[in-house]
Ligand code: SAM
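Only one chain is included here, represented as structure tokens and corresponding to the form predicted on its own.
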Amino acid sequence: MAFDQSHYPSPKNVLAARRLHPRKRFGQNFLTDPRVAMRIAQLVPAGAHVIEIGGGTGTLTAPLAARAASVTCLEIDRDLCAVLRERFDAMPAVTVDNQDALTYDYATDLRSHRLPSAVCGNLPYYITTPLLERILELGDLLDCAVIMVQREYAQRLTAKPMTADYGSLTVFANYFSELEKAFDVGAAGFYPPPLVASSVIRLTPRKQRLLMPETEALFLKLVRAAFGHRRKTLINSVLAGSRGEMAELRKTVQDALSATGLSQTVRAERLSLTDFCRLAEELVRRRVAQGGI
């Protein structure tokens, strides 16, 4: 049986009918394949409350509304808000909000719904990292996030130690959540087609932090400093960004590396998330102040 696309109007036709065009300043590349949209929607919990980032013309909103109990659709483009409200006017479970996803109050929205919760959307490439940070900071308010990102970005998120894609982004994202790549989407699945392919990632925020607050703060600075100079050893990278007493800090980091079974000449890309956590704990035990790294 042929796939029924009658309820999934072409974004190109929807825009043309209203004399609208994709806007580069909003990073608009509209998902066109309803089968991809349905695969994405199936990754969110059934009966959940979903916040969708960037509703566009509603290609993803429609299957989300069919699966979820309620959908808050964020759309920064006022013209597209009008399109979405017209399309989903008969569906009270869908709320279209003319909001910037970077400044939206996700926490208040999620707390107002006593349901499983998810964030879902095709993240504009130029603001992927700040949007990801907004999602990760929600912590246990969120059951999962299903996001489409540039394929190279997805590779960085899911990279393994000792690979070229592995870096601070990998460690940070995996510290706050468990990640899995669901599937890839080619450029032909969008209007207009972007210059890059995309991947769909499912993030499950960790309900409990891996480290205590004091250690976590130092861990974040340690990871950032360690990858700040990829060609240097971890010790030299940490010293390069430090304002503390160099000789004392070098000795402390050397001792902490030894205590955790790590080489004095190890580079950041060889350390796993577990290694970084253990090293941060050892540095706190040795009373390294956060300002020293």
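Residues carry their position along the shown sequence, with the first being 1. The structure presented is a predicted model; accordingly, all values stated were derived computationally and were not measured.
Keep in mind that the form predicted together with the ligand is missing from the display, and what follows is about it.
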Task: residue 126 within 4.5 Å of the ligand in the predicted complex, heavy atoms - done: yes
- [ ] Considering only heavy atoms, tell me if residue 101 and the ligand come within 4.5 Å of each other in the predicted complex.
- [x] yes
Open item on the list: So, residue 77 and the ligand: in the predicted complex, are they within 4.5 Å at any heavy atom pair?
Closed with: yes
TODO: Indicate whether the ligand has at least one heavy atom within 4.5 Å of a heavy atom of residue 27 in the predicted complex.
DONE: yes
Task: Candidate stretches 67-75, 207-215, 158-166, 178-186 - the one whose heavy atoms come within 4.5 Å of the ligand in the predicted complex - done: 67-75
TODO: Just give me the single entry in 48, 257, 31, 235 that has a non-hydrogen atom within 4.5 angstroms of the ligand in the predicted complex.
DONE: 31
Open item on the list: Going through 29-59, which residues have a heavy atom within 4.5 Å of the ligand in the predicted complex? Please give them in sequence order.
Closed with: 29, 30, 31, 52, 54, 55, 56, 59
